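Consider the single chain below, provided in structure tokens and representing the form predicted alone.
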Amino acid sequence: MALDESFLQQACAIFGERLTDAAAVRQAHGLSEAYHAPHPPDLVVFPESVVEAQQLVQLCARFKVPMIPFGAGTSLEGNASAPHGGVCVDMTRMNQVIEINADDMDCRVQPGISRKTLNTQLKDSGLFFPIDPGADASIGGMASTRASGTMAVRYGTMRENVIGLEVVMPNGTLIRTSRRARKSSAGYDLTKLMVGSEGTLGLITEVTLRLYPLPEAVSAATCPFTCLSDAVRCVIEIMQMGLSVARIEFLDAVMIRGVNQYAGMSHAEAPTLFLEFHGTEQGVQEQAQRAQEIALGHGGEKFQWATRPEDRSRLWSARDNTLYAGLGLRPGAKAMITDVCVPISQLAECLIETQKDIVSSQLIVPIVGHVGDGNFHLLILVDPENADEVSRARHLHDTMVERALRLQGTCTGEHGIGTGKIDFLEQELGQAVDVMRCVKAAIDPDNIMNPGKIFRKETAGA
């Protein structure tokens, strides 16, 4: 969209050199890890304070200019692209820990801080923040997309771990959604409304997070299985037995091959579970032993343990880099990455039928899953210039999502809707989406906050 000259002058007065329309910067901010077509913004700005963020929102509201919040650029459904142009608000310079309350086990942080940086700064407190989506995402971006990841099976998702937010609303008003109390029944839960709203309702400028004690003991293991169904049934029994597993991840044989090549490992190329246990020395030992017995009962091979910190770090580093490991299976390909989540009792059926579809597609498609939550991902490797491959990939993607919906699951376990799953949201929630539109219209009547995401509206800033 063409930006008004008066708007540009006033924005320049606020941000100076921290405002740019350089093509390379704009292009980088229209991209992410997503396979969707990039949409660069007209401008990129870098606020350094809440005051500047509020001034920007007030200015954009006055001129009805779209705003797109941007964190680390790791989103997977086009969540941070700018299909209507406007201003990308890069929050990476607002990256400080504001306050650590060790006695209350919480902290206040600016949205641009990454999760790894936060945990580095928390070390001396004896606490940590456990949500691990794999990528070194920003805390603000994780809140916006209701991220989760490998440790959600024990510690929950961002929904459970964001205590409160400071948000600049679309009209420029600065609000706090809650106090630091661990529970409250005071009015509407605006924190939960904002978490997962993908920047469509306001600009997050501060996040209050729940923290956890660093575990006394940690033990990690891998266990291969002869077939996918045995691995999934093992997971179901582990969860039903109530074992205190911190992480339980699934990699299929194709993904294991990629991890071996990428990280120089030597795992058997078979469906494999990656597990981790947190707790006391005795508790970890007991839980791990019980999990091993369950795995052996489902045809699992002998556990391979990693107890030294450096071995565990290497193990999970390989797991966290599955995107790059997967891409290494077909150099030059693009990964169409997508996820679904189903009730855990439906996971085996959903995975097995999806694996059959992968064979039929004749594409290379590694599978990675946070299977303790019933959530799994496909990395569909395609040549983006090959129309037939892209068509087969989209058919595989759509079939998987539609199957998950039939099984009472969701079209996205943790990636968000963005631009990529708008139609599936309608299928999943029906008239509930109309209620979301009403909330959006009431809070953001000019549709300037990240327009074109979650659901469609024909015009932005009008």
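Start at 1 and count along the sequence shown; that's the residue number. Given the structure is predicted, the values throughout are model-derived calculations rather than measurements.
Beyond the structure shown, there is the form predicted together with another copy of the chain, which is absent from this document and is the topic of what follows.
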property	result
Stretch from 302-310, 378-386, 221-229, 168-176 whose residues place a heavy atom within 4.5 Å of another copy of the chain in the predicted complex	168-176
Joint contact, Gln282, Asp373 and Ala442 to another copy of the chain in the predicted complex, by non-hydrogen atom at 4.5 Å	yes
Arg182 within 4.5 Å of another copy of the chain in the predicted complex, heavy atoms	yes
4.5 Å heavy atom contact, Gly85 to another copy of the chain in the predicted complex	no
is_contact(Thr145, another copy of the chain) in the predicted complex, heavy atom dist at most 4.5 Å	yes
Glu198: touches another copy of the chain in the predicted complex, heavy atom cutoff 4.5 angstroms	yes
Leu296, Met265, Ala102, Ala268 - the one with a heavy atom within 4.5 Å of another copy of the chain in the predicted complex	Ala102
Candidate from Glu349, Asp320, Glu286, Asp357 lying within 4.5 Å of another copy of the chain in the predicted complex - any heavy atom	Glu286
Any residue of 136-169 that, in the predicted complex, places a heavy atom within 4.5 Å of another copy of the chain	Thr145, Arg146, Ser148, Gly149, Ala152, Thr157, Arg159, Glu160, Met169
